[in-house]
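One chain follows as structure tokens, the form predicted alone.
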Amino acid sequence: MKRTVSGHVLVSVILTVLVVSMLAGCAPKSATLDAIKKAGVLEWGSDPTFEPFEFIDANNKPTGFDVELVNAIAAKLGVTAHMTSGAFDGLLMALDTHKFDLVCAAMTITPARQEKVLFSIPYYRADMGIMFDPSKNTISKPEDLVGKTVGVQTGTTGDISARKIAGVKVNSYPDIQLATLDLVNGKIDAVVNDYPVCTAYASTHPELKVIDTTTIAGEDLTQLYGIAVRKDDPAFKEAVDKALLDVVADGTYATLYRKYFFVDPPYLPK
């Protein structure tokens, strides 16, 4: 015998399905976030050679603006954070293979990187810096690097930018500390790197000078940093964005900014 469904029952079933669908749309599930909450730990990757964003302190512990920011984000998610160190140019590959849950490494949001990962809303704005010894070289603009040897960190926007200037010899280093050491020892003429990182190094080497530049070879170099997550987990990106905004709202972001950059933040994530 053929069974029929009454109109009232059918309407009730349809409404139930719609409500469930709407709730699912409002609160998308993230397998990554579920696993993090189950473990109680947010695993993240960075390259701790980029002071003041991430570096190793006198007690051999990772610290810096990014480190404390991720700790604060993890707290908003109800977990603790654990950092794994790696070479900068290998961090996104390690993220893709699930070595950690996110990458926070003063990483500029670029179209090439956006093809591989999802980025959070920008959490920091930076210009490019050129660091040099004024007793050995006169540099007031990027074009003055022509004919000189410039140190950069492999895979960074400083590396990409320096190579845009015709007539510049570029030496790549696995971390920016090695480039700075060669600059101090007179083996190279300048370092091209993110401005706040250059100023942090120059603050401990008074013989060095840093100039701030927003263009090289006619290209706008204003940079926005983002936190990278895997491309297949937009729900986790949304959770990170919300936690970051909560860190801004409760004043923690501004406190950390003043601690590491000594001024009020000119830019707030939004």
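For every residue, the number given is its place in the sequence shown, counted from 1. These figures come from a predicted structure and were not determined experimentally.
Omitted here: the form predicted together with a small molecule. The next part is about that form.
*Asks:* Of R113, K76, R125, H82, which one comes within 4.5 Å of the small molecule in the model of the complex, counting heavy atoms only?
*Replies:* Result of the distance check: R113.
*Asks:* Name the single residue among S120, S161, T108, T180 that comes within 4.5 Å of the small molecule in the model of the complex, judging by heavy atoms.
*Replies:* Contact check passes for T108.
*Asks:* Answer yes if any heavy atom of D189 is within 4.5 Å of a heavy atom of the small molecule in the model of the complex; otherwise answer no.
*Replies:* D189 lies outside the contact set for the small molecule.
*Asks:* May I ask you to state whether Y225 is within 4.5 Å of the small molecule in the model of the complex, using heavy atom distances?
*Replies:* Heavy-atom contact with the small molecule at 4.5 Å: present for Y225.
*Asks:* Can F88 be called a contact residue for the small molecule in the model of the complex at 4.5 Å between heavy atoms?
*Replies:* Judged by the heavy-atom cut-off of 4.5 Å, F88 is in contact with the small molecule in the model of the complex.
*Asks:* Using heavy atoms and a 4.5 Å limit, would one call D194 a contact residue for the small molecule in the model of the complex?
*Replies:* Yes, contact at 4.5 Å.
*Asks:* Counting only heavy atoms and a 4.5 Å cutoff, which of 99-107, 141-149, 181-189, 162-170 contacts the small molecule in the model of the complex?
*Replies:* It is 99-107 that comes within 4.5 Å of the partner.
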